[in-house]
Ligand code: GLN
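Presented as structure tokens, the chain that follows is alone, the form predicted alone.
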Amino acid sequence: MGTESAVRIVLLFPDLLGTYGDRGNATVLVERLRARGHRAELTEVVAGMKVPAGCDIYLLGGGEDIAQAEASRLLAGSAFPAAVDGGAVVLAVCAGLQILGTAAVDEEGRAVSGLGVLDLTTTPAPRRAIGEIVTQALPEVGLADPVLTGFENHQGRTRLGTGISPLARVKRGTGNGDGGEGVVHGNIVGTYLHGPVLARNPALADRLLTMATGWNLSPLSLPDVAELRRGTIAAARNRSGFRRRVASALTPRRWLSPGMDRPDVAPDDDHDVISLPPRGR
């Protein structure tokens, strides 16, 4: 791709897979390109519209079971599978990740066929995973800053097939349910991280852009973004951080009895030490 061509980004079905604000990933990619002087062309495809072929990056977000099943049906008959086979970069979040697999079983025990793009299956777990998650990207992913943070809200447990690698290892949270988080395979990146994930993890955004363009992207100096990221990681390290405060605030006893002491909240499991990224970039 020449530097004068616009990077073509497609946001797939934000009306079906937009429950958790994942459309923000499209905004992040567009703005990080423009900040470097590159052109971006964003197309939003809602249900009933034709999925364009031959684009550079396709984005899938999260949604409920019914919306996920409908999105999977629409994508199966679209240009999307051929675009993936042709080497397009894909970021698939939560339900989007499950759609790329062979099948996902919902809470009622019904199996919903996926696209079969990736050898992975998803089944429901006894408890829903809700809260802050911190992971460490695998070295082969090639992130300048390998710490990935986000907010997970899912009941699926995802098993990766032979030759499929996780995107990261979980330091705090649930992820796929086996110590790994998400998936990376060829030009496909899947994850359970909301936030949106690319706003909270700019190194991952730049990695996707490099995968799609082959460009050696210049660093961006965004002090506010860097400081917010440091604060998020620091809070995740602190046992009195996000998860304890959220659990406390959402306890009905606290709502019904103002002034009571904060109810006990089980501490997070111990995990490896999370390293903070350096200040600046």
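As the structure is a prediction and not an experimental result, all values here were calculated from the model. From 1 onward, residues are counted along the sequence shown.
Another form exists, predicted together with the ligand; not displayed. Remarks below refer to it.
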Does the trio Glu64, Gln68 and His154 actually contact the ligand in the predicted bound form, every residue with a heavy atom within 4.5 Å?
yes
Identify, from the list Leu91, Val197, Ala95, Ile133, the residue with a heavy atom within 4.5 Å of the ligand in the predicted bound form.
Ala95
Just to confirm the contact call: exactly one of 74-82, 154-162, 201-209, 109-117 touches the ligand in the predicted bound form at a 4.5 Å heavy atom cutoff, so which is it?
154-162
If we define contact as a non-hydrogen atom of the residue within 4.5 angstroms of the partner, is Tyr20 a contact of the ligand in the predicted bound form?
yes
